[in-house]
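A lone chain, given as structure tokens: the form predicted alone.
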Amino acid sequence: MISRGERLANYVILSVFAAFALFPIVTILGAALGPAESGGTSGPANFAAAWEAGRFGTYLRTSLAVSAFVVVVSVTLSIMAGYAFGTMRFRGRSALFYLFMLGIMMPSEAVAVPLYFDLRSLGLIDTFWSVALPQVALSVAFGTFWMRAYFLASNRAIVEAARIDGASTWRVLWQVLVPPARPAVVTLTVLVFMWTWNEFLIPLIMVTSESLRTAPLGLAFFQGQYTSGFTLLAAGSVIVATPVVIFYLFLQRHFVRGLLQGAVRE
């Protein structure tokens, strides 16, 4: 049983860490709502001024389109690949899995330049696909590892019962194994969405058209071209971060459940 002193110490430690985590957020929000250096705007009006000056509407639409595509494709491919590696036995299975793991160990900075020349030879530079496809490839590596761990620990009795009833491999995956895996899938969805939304290097290298800039890239150009004041820059930062925060809060319960389940798996 935890004593009163230990409980108090836990609260103190958690409060200190919470203060460290919340201090940057409070600082940015305070700066975004404060008076602009150039005068004329303050409070919520700063967000409207930053939105108009930085053209964040276009950037957010691009980020939403890229993130939605990457999440749907990479999560779907990860489920299928994780199912294959976690439940099936075939020649070269281990070697192929470790080849997938190179995508986790290899940072995007190491492949960005070669990838640029490959996509340029295919005529895909400065297109939606030059931003989305590399991020799908990077996300599938982790997603395969994540879902494989889940399927390895799945209930084999349910799978065998479904196969005895005549269920095909495809039906076993989508109708038997995927529904109980919702917390793991939601956790993967949230992680991939956050990684894709926050990706800066790939859009910076792959696109030059303003209409294809993602929100983080647009924020960087906003800082350099449209304003030198911290107030509007802070407002732009809040605008860019808000969709991720909303998405996480909406799926928070499933996200935490998925992490807790993953903590006791392989």
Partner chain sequence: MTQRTTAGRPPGEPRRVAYLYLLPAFVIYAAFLLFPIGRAVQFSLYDWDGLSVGRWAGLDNYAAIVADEGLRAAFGHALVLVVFYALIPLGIGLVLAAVLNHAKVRGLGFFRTVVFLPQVVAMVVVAVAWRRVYAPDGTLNGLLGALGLESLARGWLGEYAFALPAVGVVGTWFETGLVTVLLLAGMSRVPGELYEAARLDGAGAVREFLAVTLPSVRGEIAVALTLTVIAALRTFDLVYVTTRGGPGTSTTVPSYEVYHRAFGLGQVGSAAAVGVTLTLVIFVISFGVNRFADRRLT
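Positions refer to the first chain, counted from 1. Rigid core: the largest C-alpha set superposing within 1.5 Å between the two forms. Model, not experiment: these values are computed from the prediction.
We do not show the form predicted in complex with the partner chain, though everything after this point is about it.
- The shortest heavy atom separation between A241 and the partner chain in the predicted bound form is within 4.5 Å.
- Proximity of P107 to the partner chain in the predicted bound form: non-hydrogen atoms within 4.5 Å are present.
- The partner chain in the predicted bound form is not approached by P180, whose heavy atoms all lie more than 4.5 angstroms from it.
- When contacts are judged by a 4.5 Å heavy atom cut-off, G34 does not count as touching the partner chain in the predicted bound form.
- Shown without its partner, the chain has F85, G86, T87, M88, R89, F90, R91, R93, L96, L99, F100, L102, G103, M105, M106, P107 in segment 85-107 as residues with a non-hydrogen atom within 4.5 angstroms of the partner chain in the predicted bound form.
- Shown in the overlay between the shown form and the other one, fitted on the rigid core, is a CA shift at A48 smaller than 2 Å.
- Once the cores line up, the CA of A68 ends up less than 2 angstroms apart between the shown form and the other one.
- When two forms of a protein are overlaid on their rigid core, residues whose CA moves 2 Å or more are considered shifted, and T208 is not one of them between the shown form and the other one.
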